[in-house]
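Consider the single chain below, provided in structure tokens and representing the form predicted alone.
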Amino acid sequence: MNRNEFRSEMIRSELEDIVGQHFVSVDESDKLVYSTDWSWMPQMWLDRGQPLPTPDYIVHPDSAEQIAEIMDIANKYRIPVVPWGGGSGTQGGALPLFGGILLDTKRMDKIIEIDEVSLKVTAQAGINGEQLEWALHEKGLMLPHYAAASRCATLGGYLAPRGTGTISTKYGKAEDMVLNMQIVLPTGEIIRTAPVPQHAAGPDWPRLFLGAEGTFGVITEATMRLDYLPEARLMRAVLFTDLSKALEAGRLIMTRRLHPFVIRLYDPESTRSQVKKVLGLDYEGAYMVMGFDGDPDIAALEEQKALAICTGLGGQDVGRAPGEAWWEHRYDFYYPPLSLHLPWMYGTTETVTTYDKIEPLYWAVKRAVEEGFPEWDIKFIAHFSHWFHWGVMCYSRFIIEEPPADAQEALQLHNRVWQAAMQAVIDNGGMINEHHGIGLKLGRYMRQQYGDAWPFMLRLKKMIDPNGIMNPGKVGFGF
């Protein structure tokens, strides 16, 4: 046994002392499972038979106290800790780039309390999103974060990248629903944020952990705001010949303070391809779905007023059935056999900006992707979702159906297309991401995105995580 093997066995023994022998794995098959999330980069690398970075230890804690002890070991040996929820991220945010401890939180899956008076639920961060939702439905409640990944994602996975769900246009992002959190810091301290988020007792420091993707610590428990299941849910579809008029309709619906729980606007190419493939609707133009929920009378009135805005801008009301079809099949876009898949190359280059910038930004990214690589047949599709009073998110994708066969050449092309898209986003006043997170894929753009503020963020990271053990290489932070 050499020095490294001896050290490795000592670390393994110490981890087993904390969580038990059955909850620490060093099996090569387990390591391979945790070597890739749902991002295209490692999926492609694995598909082409290339080796992937793997963790040294897979650990399954069941409490914040156990995670605190694991942090002590990680700091002592200066080894990375990578939190892992459902593994459904698309940005490489949970890849164990430098080995170390892969911290799988799914044993931490308990609902601690459902408060039907204040409409809040407290649960451990490893609970599966859909299982949490089922429990709430039994009481006529919902956690209105209807993420496409909710069947596999965890509560902590909702919060770590500042996730957005399908019905965020009315109910907000995951970060808007969180009331308080328990967090294990990189130093092993267990802290809890204030009981409620809206107050004047100092700065809003808990938000540092929302969007940090495990680089500032591990979210182990959260109390989330709930809503009643709606009495009515009205869906409608409208078809526009002019994408600009469709965007204006969405803007007016939001700025006039109507309350759709969803507006999903597909550009003409998405209408021709994605909408037709998934929903079987053969339309030309910009296809918009909108929904209103809650009290039946209020929902119907708001729908009527929104429809008047749309038709006043040239939109054609195509009825309730196409909207209801979208609602019933809204997740089919993201799961096999209808989702984007290997051997295709693809990426979701989503962004968010204000209404005055959204249309120029859309066209700039489209041109950058489609015209910047004439030697490749690149398809660009987009839809607009997650609408705010001040702006909207553009969920854009590029697709190359016949990418390079060589893994390294394919990865280089992938990165070049991303570079073109992200530069167009930044140049046109957009953010490099709205809800998928930064992870490994977008970290190199963080300095440009934040400019003079980036050194401040680096100092925060150094202060909170002095040994740099937490999820190194992600969100633009090094090891």
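Given the structure is predicted, the values throughout are model-derived calculations rather than measurements. Note that residue numbering begins at 1 and tracks the sequence as displayed.
Below, we turn to the form predicted in complex with a small molecule, even though it does not appear here.
Using a 4.5 Å cutoff between non-hydrogen atoms, residue 197 does not count as a contact of the small molecule in the predicted bound form. Of the heavy atoms in residue 84, some are within 4.5 Å of the small molecule in the predicted bound form. The closest heavy atom approach of residue 334 to the small molecule in the predicted bound form falls within 4.5 Å. Residue contact check for residue 149: one or more of its heavy atoms lie within 4.5 Å of the small molecule in the predicted bound form. Considering the small molecule in the predicted bound form, the lone stretch of 149 to 157, 268 to 276, 284 to 292, 404 to 412 in range is 149 to 157 [heavy atom distance within 4.5 Å]. Contact with the small molecule in the predicted bound form, defined as a heavy atom within 4.5 Å, holds for exactly one of 352, 365, 218, 238, namely 218. Contact with the small molecule in the predicted bound form, judged by any heavy atom within 4.5 Å, is made by just one of 396, 223, 90, 385: 90.
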